[in-house]
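First, one chain by itself in structure tokens, the form predicted alone.
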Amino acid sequence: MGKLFINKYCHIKNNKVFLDGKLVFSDDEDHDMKPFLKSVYRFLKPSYNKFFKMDEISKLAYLCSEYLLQDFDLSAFNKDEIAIVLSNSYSTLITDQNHQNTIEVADNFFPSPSIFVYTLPNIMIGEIAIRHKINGENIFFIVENFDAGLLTDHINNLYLTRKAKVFIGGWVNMGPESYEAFLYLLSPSGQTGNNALEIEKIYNT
């Protein structure tokens, strides 16, 4: 088999969106995450109303994937040949806290299925897969810090065992005071080699 290459990458942090290292959107007025994500959505204009039903971390992952997959023809591959491998450190902490708020007081007990369903970190993978009709392998790792080696090893194993040909990998994390999404697209054709050092380098750019 041939090698995998990095086709594109997208990084969202500090109210800015970077695509392949270039700033493509910035909103310095919205210092809070929620209005910033809405601003990014309005700028992209994807016409995907399901966005407004997602929790915040799924919105973050969705928006990052929309930028990542712009101008990339996924239809050139079978849907089960596309895999998603993501990670973070906070899991779904913010949504977990929102769910806890609905159940902690007996006299004000109002659990919501629409919140509870997002207390699983792989739901954000599901949102990306539904949007782009991806049926391939997927996995979500919970680790302390972004670990390019972990993701690279798993992706390369899936590729070498012919489980998938195209991969969306990365880190989508949201805590009480910070948020970040870093996704990259790998396929058998591209310009930059796929290895942990290269991915770590572009993550830190």
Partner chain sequence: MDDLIQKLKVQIIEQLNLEDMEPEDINPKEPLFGEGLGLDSIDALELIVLMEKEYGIKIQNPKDGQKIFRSIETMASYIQMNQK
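Just so we're clear, the structure is a prediction, and the values are computed from it rather than from any experiment. Residue numbers count along the first chain shown, from 1.
Quick note: we don't show the form predicted together with its partner chain, though the next part is all about it.
Proximity to its partner chain in the predicted bound form, taken as heavy atoms within 4.5 Å, picks out 47 to 55 from the listed stretches 171 to 179, 64 to 72, 47 to 55, 144 to 152. Its partner chain in the predicted bound form is not approached by residue 162, whose heavy atoms all lie more than 4.5 angstroms from it.
In the predicted bound form, residue 42 approaches its partner chain with a heavy atom inside 4.5 Å. Its partner chain in the predicted bound form comes within 4.5 Å of no heavy atom belonging to residue 78.
In the predicted bound form, its partner chain sits within 4.5 Å of a heavy atom of residue 117.
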